[in-house]
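Quick heads-up: it's one chain on its own, the form predicted on its own, in structure tokens.
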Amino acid sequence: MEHGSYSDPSKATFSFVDEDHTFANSVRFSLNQDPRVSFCGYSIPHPSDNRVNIRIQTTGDPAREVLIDACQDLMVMCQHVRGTFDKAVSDFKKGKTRKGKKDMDVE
């Protein structure tokens, strides 16, 4: 859910249900990498409430578009990490560890 001003789309607060610090901090990190973002922060209203509020203020671009771009960038980062991890596991299982040394066996 988006909470913001209709007169200034560059400032908005987004509420995400069933999310926690893991998601919010990742999105915050991705948003802070964007030069269009002048402020980004998140809060959890109450520990027993599974909701995260993310506040975004931009230099002029609509906050909604900047959030969408940040989430897409985050997905690309996660895909890269997953691909790198899967390749490392595959190489390890094939016996291709660093510097050709075999540290342990995996069944």
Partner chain sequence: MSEEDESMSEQSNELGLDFILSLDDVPSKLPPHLELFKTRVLCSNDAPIHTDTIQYSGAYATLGVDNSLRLDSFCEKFKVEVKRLTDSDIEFDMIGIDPAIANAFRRILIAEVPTMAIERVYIANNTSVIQDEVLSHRLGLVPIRADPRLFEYPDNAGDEKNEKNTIVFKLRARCQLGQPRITVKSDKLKWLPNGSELPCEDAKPNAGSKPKTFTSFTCSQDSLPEFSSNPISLTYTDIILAKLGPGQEIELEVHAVKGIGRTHAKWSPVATAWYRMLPEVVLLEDVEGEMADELKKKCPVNVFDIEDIGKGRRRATVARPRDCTLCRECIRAGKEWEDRVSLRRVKNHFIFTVESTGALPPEVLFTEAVKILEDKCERVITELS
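Numbering follows the first chain given and starts at 1. All values derive from a computational prediction rather than experimental measurement.
As for the form predicted in complex with the partner chain, it is not shown, yet the points below apply to it.
In the predicted bound form, the partner chain sits within 4.5 Å of a heavy atom of Ser26. A residue is said to contact a partner when one of its heavy atoms sits within 4.5 Å of a partner heavy atom; Pro47 fails this definition for the partner chain in the predicted bound form, lying far away.
The closest non-hydrogen atom of Arg64 lies within 4.5 Å of the partner chain in the predicted bound form.
The partner chain is not drawn, but in the predicted bound form it has no heavy atom within 4.5 Å of Ser43.
Taking the partner chain as positioned in the predicted bound form, the residues of 58-75 that bring a heavy atom within 4.5 Å of it are, in sequence order, Arg64, Leu67, Ile68, Cys71, Gln72, Asp73, Leu74, Met75.
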